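This document starts with one chain, in the form predicted alone, laid out as structure tokens.
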């Protein structure tokens, strides 16, 4: 288990503060946030690469806050892999074991086992310069895991990969975690990556934790406008709540909330149905509006419908073509009261 208590790191130009986290053994934990939020600073503070101004870091009941990094039992993988170009893949993986003075026979056995786990047994005699980005990332992962760390830290390990390789590596990371069962803290700014991999997510903003929860909780129940925007809710409004409704400038939405007076609300674009005629459904909110913008994203299309205010809706390309949506066309939007999150 990892327990971080009131952690504070002062880099002069940046302050990480009030960090409190409990991460369960074997958990795949995601640290998510925009560039400059403090994700890597937190990761490197856990690794012992930054001095801690205040607070404590505990791993398996032992405080490690001021231990040297090599004594913490932590492995780390960066996005640039940092492989040694003059060493073979086998020698790269062996590096940490040799530093710890493992016997040669044991080193060979551990390398073979870990190479099989991450699927690089056929690459052991190769040079890093001959590998693809995905292959290099698997080697870096093997090198970090072969020393059997208590915790594995991943700093945006997939950000330098092309989309197809990134998606494949997500599956490989998930499978490797299932087999090795190490506790992982994975830093990313990619929300889809967080959903694909994380058991839980901590969203950071300006050096503080904005929200901790499951990917579904972050997605459906953001605690603030920042989290809602970062999770791409897209429809975020200010309104006045009361008697089961929220009034957003003359449009009264049926919502499930006990909050009163001024509130914020979010509504995800994929939770809004578009139709040419009113839908016969149990959804409590249905309004007619005008298509004011169309943003083509390939397999999906974002359609803005103005009542006013504007609602951004997500439809598949097939639905978009079947509905023959065009700017200026009149349509109906329909969504459930439970799809609205009020905060």
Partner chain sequence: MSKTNLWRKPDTMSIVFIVLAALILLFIFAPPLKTVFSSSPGMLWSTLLQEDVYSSILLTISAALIATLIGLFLGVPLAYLLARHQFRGKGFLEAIIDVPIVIPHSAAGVALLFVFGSNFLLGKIFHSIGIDFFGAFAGVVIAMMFVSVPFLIDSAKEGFKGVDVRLEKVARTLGASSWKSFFRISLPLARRSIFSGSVMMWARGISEFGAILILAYHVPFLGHNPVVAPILVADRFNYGLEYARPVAALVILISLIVFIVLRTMAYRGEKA
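Numbering follows the first chain given and starts at 1. Here the structure is a predicted model, which is why all the values come from computation and not from measurement.
This next part talks about the form predicted together with its partner chain, which is not shown.
Site residues 68, 78 and 143 are all in contact with its partner chain in the predicted bound form, judged by any heavy atom within 4.5 Å. Residue 232 falls outside the set of residues with a heavy atom inside 4.5 Å of its partner chain in the predicted bound form.
Contact annotation: residue 96 falls within 4.5 Å of its partner chain in the predicted bound form, judged by heavy atom distances. Contact between residue 100 and its partner chain in the predicted bound form is found at the 4.5 Å heavy atom cutoff. Within this chain, residue 182 is remote from the site of its partner chain in the predicted bound form, having no heavy atom within 4.5 Å. For the residues 82, 236, 256, 160, the 4.5 Å heavy atom test against its partner chain in the predicted bound form is passed only by 82. This chain lacks the partner; the member of 64, 274, 52, 47 within 4.5 angstroms of its partner chain in the predicted bound form by a non-hydrogen atom is 47. Stretch-level contact analysis of 212 to 220, 119 to 127, 162 to 170, 68 to 76 against its partner chain in the predicted bound form, using heavy atoms and a 4.5 Å limit, identifies 68 to 76.
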